[in-house]
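Next up: just one chain, as structure tokens, the form predicted on its own.
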Amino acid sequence: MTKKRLVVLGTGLIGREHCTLVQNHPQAELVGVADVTDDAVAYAQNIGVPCYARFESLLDETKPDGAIIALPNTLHLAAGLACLQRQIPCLIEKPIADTIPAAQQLVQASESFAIPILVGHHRRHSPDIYESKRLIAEGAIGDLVAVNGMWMADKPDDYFNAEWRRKPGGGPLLINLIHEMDCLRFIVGEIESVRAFTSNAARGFEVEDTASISLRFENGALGSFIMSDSVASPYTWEATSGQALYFPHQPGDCYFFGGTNGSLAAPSMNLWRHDQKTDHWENPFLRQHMPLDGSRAYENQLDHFLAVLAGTAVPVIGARDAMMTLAATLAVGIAAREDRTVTLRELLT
């Protein structure tokens, strides 16, 4: 198979991880990067690829089969449109854009040009997430009734040396919660409305550090989620799944799905059910561990992107789907600020 020629726009932390993944893949070739910093030039020389200050020049001169966009959120629209106008499929790191109108432009362009966008919600490629979706869809726990989740981590003080992380938009809602909202949408179904409280009491910054969220799904299920970036705990997907690039593995759970016939905890993938359908809360439960395939989320994501480029797969999360995740996340912030229930419908019309 001919290698797919890829470029990476942005050589920050996640951009460099994408470069490494591409260069380590037997069916991909990294042919260039785009970034404006002096450090990026030195990095590109070190890995043996050209570095362009303008991503338009990179796209025009290398004419890649696909592009990975790992630029700041505000540049996702311009970079995505530049790729689509050149008939280049792209993988855009989450979120798809920084606003709903910007996301809508990318949706319209992708659909009108008939050029696919894959959005980098990498957890959709993790075996615990897609196996949870399969089990629930196939009725392993009966009708889904309730969902509970948490993401609580202790970010170090120097993480906030970057001023934008202390300002609105730089808190855990758009940085971290967006992953959780996407997982919940993927596994459970579309979110109809949200209520939320946020607090900045732990650090006193302008931006939130903690949020408590209530969710109503279109299928009738109810959910709750608690998150904070100022709590010392192992209760994050990154730690409990063992899939994260930078964090140690602490086996455990961060998602709990409750149905009429049983419950599922993830990422441990422990399924709890009664022995008989007539059993109830006074009867013991049986635990069944559901095995996973051992694959890695980021490697699976690149495999999937290459399949999209080859025309043998459609994006597991395209532009329109990712816009819904962005809307669900933005709805949390609005619900907290305005102390009311916010529907996704009102954000998308």
Ligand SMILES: NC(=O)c1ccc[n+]([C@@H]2O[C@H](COP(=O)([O-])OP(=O)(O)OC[C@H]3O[C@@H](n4cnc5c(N)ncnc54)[C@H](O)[C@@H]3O)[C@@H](O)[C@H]2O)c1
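For every residue, the number given is its place in the sequence shown, counted from 1. Bear in mind the structure is a predicted one, so any value in this text is a computation, not a measurement.
The same protein has a further form, the form predicted in complex with the ligand, not shown here; the description that follows concerns it.
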query	finding
The ligand in the predicted complex reached by all of 15, 35 and 246, non-hydrogen atom within 4.5 Å	yes
Close approach of residue 68 to the ligand in the predicted complex, 4.5 Å, heavy atom	no
Residue 298 within 4.5 Å of the ligand in the predicted complex, heavy atoms	yes
Residue 11 within 4.5 Å of the ligand in the predicted complex, heavy atoms	yes
Distance check, residue 107 to the ligand in the predicted complex, heavy atom within 4.5 Å	no
Interface segment, criterion being heavy atoms within 4.5 Å of the ligand in the predicted complex, picked from 150-158, 211-219, 108-116, 74-82	74-82
Heavy atom within 4.5 Å of the ligand in the predicted complex - residue from 273, 179, 166, 133	179
Position in contact with the ligand when the complex is considered in the predicted complex, options 89, 172, 267, 95, heavy atoms within 4.5 Å	95
The ligand in the predicted complex - contacting residues of 107-124, heavy atom within 4.5 Å	120, 122
